[in-house]
Each structure stands twice: as structure tokens, then as C-alpha cells.
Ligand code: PGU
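What follows is a single chain, given as C-alpha cells, in the form predicted alone.
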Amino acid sequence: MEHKCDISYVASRRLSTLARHLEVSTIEACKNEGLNASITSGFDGNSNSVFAHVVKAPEDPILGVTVAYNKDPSPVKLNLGVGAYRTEEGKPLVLNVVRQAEQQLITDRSRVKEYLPITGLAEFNKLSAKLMFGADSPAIRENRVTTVQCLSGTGSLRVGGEFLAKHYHERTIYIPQPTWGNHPKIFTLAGLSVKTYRYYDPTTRGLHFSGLLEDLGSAPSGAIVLLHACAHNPTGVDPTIQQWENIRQLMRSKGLLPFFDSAYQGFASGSLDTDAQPVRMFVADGGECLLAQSYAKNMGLYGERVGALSIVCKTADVANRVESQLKLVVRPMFSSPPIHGASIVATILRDRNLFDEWTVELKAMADRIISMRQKLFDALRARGTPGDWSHIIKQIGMFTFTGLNKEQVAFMTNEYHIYMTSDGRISMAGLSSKTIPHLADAIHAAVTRMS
């Protein structure tokens, strides 16, 4: 009988011989094909890559601002491009109420990490609809609302867009000019045809209301219309309640389908109900509409990607069938949404004490932004900066559309290390009492030198 060591030795020799044979065979095959004979050299340069034709894409116009900012070594640099709240110290904020909710979740030993259903966390969906449409909403009471949890506002818009492209008779969506830069991309890739309606008037730095009515009035019957529920991004210009009523009457008379994007409920005015009023007006008339919700801003849950898509239907039966089709959109897209962020939101919305504390923290964030508007306006007026800057305090929400042009923006970046999108939009949440004088100096210099 062979010794175990001999067997092991023989096996080892056989493996070595096989390896050499394979290497020689591979080399010979490569020679025959005219390829590099070295089996370890891999591809030689980009020319052999199957992706060699791929060109480098430009930076996202918003996220690219942060990329440029991070590369700047200046100690006085200021990033006003990112749409995220900052404290007076310039730091990201995690709400105290969010920390409390997370603590509750961590200590709950009954919680598991199983997949959520395709439609998401049921309690989160129910409470999200109630938050926007109101606790006494007839649409909710009559089960005419279907809500599915999605990946923040972006994902909610995309799911809604794909549903409409497949099931709605009109595949044209009208979006405001200007609007958030991601809107046209989302809806185009979802399968809709994107057109614009006038919204912002650069001469008044306010709402182009007559143009808005004219453009929506000439839209084909049944067209989809994207509406910012409050705190229009990027302009910070919102219709008045009376203007909203005029818009509602026009849209309903033409059978236009409203698709609301609500990224700032409570974050604009400091009141959840006030910021929800335009949406509730459209639901109260019994008509149908879509709503994309995000908790990124008002709960500071940016990276948790918490959002919801609600569709208000005519009957409970229609809502039930619509939900069944929404599942078919979600399933091949992301299958089911993440559980943690939705659980945080549900914990806060269900608990009266946590909810009340959230409204206090929410109003504090909104008030700080409003105070930054006033301080910037005062600083420009104190410097005698040419022009009427009252739009800064008239606009609402996270962003101000300054009216600065591309050349002035570039000047402020090069000379003062202030970063913003090229259209002159600045995030008021990125300002503080300490940085406002620097920004005011930059704006004053840009306006007086680059006019």
C-alpha cells in the first residue's frame, strides 16, 4: 500500500503538470490569435476595452458644485449649492426627535430585518397620506388613496412617471420653467414626453402668472402637469392661495392631471398644514392627482431615502387596481424599499409627543432660513448694492434665485471661493451669521464689476 505522503506527492505532481499544460495551451492559443502571449498581462490600454467608446459624462450641475468645492483649499470657501440644511455652525443636523425614534427602534428586540412588502411599510404609507391630505380627508376616509413607499422624492417621481407612461392616455407632462434639474431626466427616462410652462419672471424675480395660465390653457386636454407643492426649487417663488385656486380651476376645466412634488412640507413656512394647503385644495374638489413626498428635508433623513407616492383616485375600486399596477412598476425596479428610514418616520408620526417635538424642530429650521434671508437682504442694503433685492425676503424655502448671471457666479467662485449653481441659485440653509458678510461682499463686487 502506498504511504499517504506518496499519494499526496503524486497528486501534487499531477496538478503541477496539469497547470503547466494549461499555461502552454493558453499561450499557444493566444499566439495563434495574435494576442499578447502573457496570460497575466491582461488588456493593453483602453483600446481593448469593450467600453472604450464610452465618453466621460459631465458632472451633475448641482452635485458637481460640491465636487469643485471639496477641491478648493481656501479657508474662506463657501458651498451654497447643496440642498441640505446646515446649522449656524455650518454642520449637518440630525434632529433630536430622529435620534429618539432611532433609539426606540434599536431597543425594540421584536424588530427584524425581513423584506418589506413591495408597497413598503404599511403604517408609514398610511401616516404619510394623512400628513399631506389631512386627518379628516374624505379621500382617505373613502379609501380612494393608494400610497406606496419609494426611494425619497426622486424614486417617487420615477415610479409615478413609469405608471403614467404605461397606464395613462396622455404621455405629455408639463414642467415649470425653470425647475429642479432632475425633473426632465426622470420623466423622460420614465417614458413621458416633457414640455415646459412659464413659471419664473426674471424681470420681477417673481411668478410669471399670466404666462403660466396661458401655457397651461393651451396644453392639450388631459396632459399631466408637474406642480411644486411649496417652496419651488430653484426659484423659491410660490403662487398665492388665490393664484393656486385659479390654477386649480383652469386645470380641472381642461382635465389636466396634477402631479405634485412635495419636497418641503413644513420646511417652507414652518407649518405642515400651511405648506400642504395647495395639495389639499386639489383633493377637496374630488378630482384625481398624484403626489410625490420626501422626508429628506423636513426630517433631515437625506441619506435614508424615505419617500412615498400617493395617487388619489375617484373610487376605492380604482385605487385598489392602481396599487396592483404600481407593484408591477416597483418590483423590477427596486423590488421593495428600505425599512429603517420609513420606521423612523412612522415612529415620529404615530407618537403624539414625538410629533409635537418634530414640529418645533421643523419650525426652528424654517425660521433660521427666514432669518438668513433677512440678514442677507439687510447686508446688501447696508452696502448699497445696486438693484432691488427684496425678492430675497419675498421668496420662500431653502433656495433663493438671486438673479445673478453665469459670469457673476463665476466671478464669485474665482475671487471669493463661493460655490453655487450657474443659474445663481443659492441655498439659504448653507448660510450663517458669520458667512453672510462674505457673501454680501461677493455679491456687491459681482454686481458692481460684472454688470
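All values reported here derive from a predicted model rather than from experimental measurement. Residue numbers here begin at 1 and follow the sequence given.
Beyond what is shown, the protein has a form predicted together with the ligand; the following relates to that form.
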Inset, instruction - Please check if H228 has a heavy atom lying within 4.5 Å of any heavy atom of the ligand in the predicted bound form. - result: yes
Inset, instruction - Tell me, yes or no, whether F267 is in contact with the ligand in the predicted bound form, where a contact means a heavy atom of each within 4.5 Å. - result: no
Inset, instruction - Tell me, yes or no, whether L216 is in contact with the ligand in the predicted bound form, where a contact means a heavy atom of each within 4.5 Å. - result: no
Legend entry - in the predicted bound form, V148 touching the ligand (heavy atom, 4.5 Å): no
Inset, instruction - Specify the contacting stretch among 237 to 245, 255 to 263, 270 to 278, 352 to 360, defined as having any heavy atom within 4.5 Å of the ligand in the predicted bound form. - result: 255 to 263
Inset, instruction - Would you mind picking the one in L78, M299, A342, L157 that has a heavy atom within 4.5 Å of the ligand in the predicted bound form? - result: L157
Legend entry - Candidate from H183, R86, R368, R144 lying within 4.5 Å of the ligand in the predicted bound form - any heavy atom: H183
Legend entry - Residues within 4.5 Å of the ligand in the predicted bound form, restricted to 58 to 72 and counted by heavy atom: I62, L63
